[in-house]
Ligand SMILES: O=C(O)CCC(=O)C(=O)O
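In the form predicted alone, a lone chain appears below as structure tokens.
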């Protein structure tokens, strides 16, 4: 696979990626209705090297999905690793362990799986949604997303019709090793998206750590 992306000015592709601390460096935004978003900019150091390794080594798939009366291509490449699967890079294991340590491993909210998405251009996207892991039962959950490669905007807004006051859409540009965590009631009371853009943007990979919920 040919890679054409703008690297960070602070990264060294020959360096070994690592993790900064979490703790007080995590910035929390309260969304209301028990939902919150945590942001830790630059959590992964030398993240462009991790981007390159994931882009080349992950078994990416081009999925198709039924939508209304037709089957359409999913506008991004995907790959999923379950609770007992070997992650494609050892840094993902370290990241998952660090997240579980920071958030205290609350019951039924321990991060155990990783879903990866490859946004190749501004035409790749994910529509407004709340993750199924938070819709299947009426409990809080967490989804942690590590972004490497070029920055794309993760938009978050309240879901209509849930009794809360509608609010403005919050926009979080994430990339180059940033960490964003959606927690509390976020998957039930809010929805999020990575929308298409006509701006010239480079490729981005997101790694979504999730707990395992009974289906």
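Positions refer to the first chain, counted from 1. Keep in mind that what you see is a predicted model, and the values were worked out from it rather than measured.
Not pictured, yet referred to below: the form predicted in complex with the named molecule.
Note on the partner interface in the predicted complex: the residue among 126, 110, 133, 92 having a heavy atom within 4.5 angstroms of the named molecule is 126.
Shown alone here, residue 179 lies farther than 4.5 Å from the named molecule in the predicted complex, counting heavy atoms only.
Proximity of residue 154 to the named molecule in the predicted complex falls within the 4.5 Å heavy atom cutoff.
In the predicted complex, the named molecule sits within 4.5 Å of a heavy atom belonging to residue 145. For residue 117, a non-hydrogen atom is located within 4.5 Å of the named molecule in the predicted complex, even though that partner is not displayed.
Along 41-61, not one residue places a heavy atom within 4.5 Å of the named molecule in the predicted complex.
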